[in-house]
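The chain that follows stands alone, in the form predicted alone, written as C-alpha cells.
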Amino acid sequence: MQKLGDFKLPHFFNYPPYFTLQPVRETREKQVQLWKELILDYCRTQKIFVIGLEEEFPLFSNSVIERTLSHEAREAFLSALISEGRAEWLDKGHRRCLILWHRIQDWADIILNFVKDNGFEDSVMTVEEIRSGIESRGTELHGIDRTILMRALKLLEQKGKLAIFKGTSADDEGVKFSV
C-alpha cells in the first residue's frame, strides 16, 4: 500500500481513471464519494484546514502513475464537500477552501469536553491558549485554525456557555467559560 508520509493511501489512489472526472453519473458519484472521504481523512490526520485550489496539495497528484487532478476535478470534489457542509470557500474566486473535517457544532462539543476534562468550567483562557497552550497539546484543539475556533466559540457564546472578550490585540482575545 502506498503512503504519503505516515498516511496510508487507499487502493483507488493508484487507479488512473480516478484522477479524471468520470462521465458516467454512477461512476462519478462513487468517485466523488471516495475523494471526499480521502480529503477529509487526510486533512484530519495531517491537521490541514485550508486547501488552495491552485497550490500544490499532496493528494491532487500521484507521481507513481503520473496523474494529476485537473482544476475542474479539484473544484468538483471540494464543491461536493461544501454541499455537505464539510468545507467552505474562503474567497469569491474559489481559490482557497476551508476544510471542516469536524463541523462547527462538533468543534464546539470538542471545546466543551476539553473545558470539562481539564476543569476549566469557570476559567478564563486566551484564544491562543486554546489553540496552542500546554493544556491543548495532544488534543484536536492544538493547532486548530483560528477561523474555525472563533466560529465554534461564537456558537458556544450564543448558547450561553461562554463569553468572548476583546483585548488590545487579536492575540489578547479571551474566553470566560461558564459551563
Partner chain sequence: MADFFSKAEVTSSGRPVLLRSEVECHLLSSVDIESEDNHHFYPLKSGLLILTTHRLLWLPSSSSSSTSSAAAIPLHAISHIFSTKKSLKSMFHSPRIRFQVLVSPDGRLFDPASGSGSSSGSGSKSIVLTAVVRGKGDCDGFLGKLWESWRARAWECNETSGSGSGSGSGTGTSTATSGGLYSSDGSVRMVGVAGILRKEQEMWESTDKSLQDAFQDLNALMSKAKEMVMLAEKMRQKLLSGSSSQTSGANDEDMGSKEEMQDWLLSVGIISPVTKESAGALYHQQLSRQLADFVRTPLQRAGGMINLIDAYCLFNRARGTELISPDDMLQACSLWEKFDVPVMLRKFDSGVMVIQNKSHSDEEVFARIKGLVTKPEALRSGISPSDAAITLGIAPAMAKEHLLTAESKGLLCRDISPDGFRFYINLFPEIDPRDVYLVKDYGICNTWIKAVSTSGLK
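Note that the structure is predicted; figures quoted are calculated from it, not measured. Positions refer to the first chain, counted from 1.
Form predicted in complex with its partner chain: not shown, discussed below.
Screening 144 to 152, 53 to 61, 33 to 41, 128 to 136 for residues having heavy atoms within 4.5 Å of its partner chain in the model of the complex returns a single hit, 33 to 41. Residue contact with its partner chain in the model of the complex: His11 places a heavy atom within 4.5 Å of it. For the chain shown alone, Ile65 is a contact residue for its partner chain in the model of the complex, at least one non-hydrogen atom being within 4.5 angstroms. Its partner chain in the model of the complex comes within 4.5 Å of a heavy atom belonging to Thr27. The shortest heavy atom separation between Gly167 and its partner chain in the model of the complex exceeds 4.5 Å. Taking its partner chain as it sits in the model of the complex, the stretch 119 to 157 never comes within 4.5 angstroms of it through any non-hydrogen atom.
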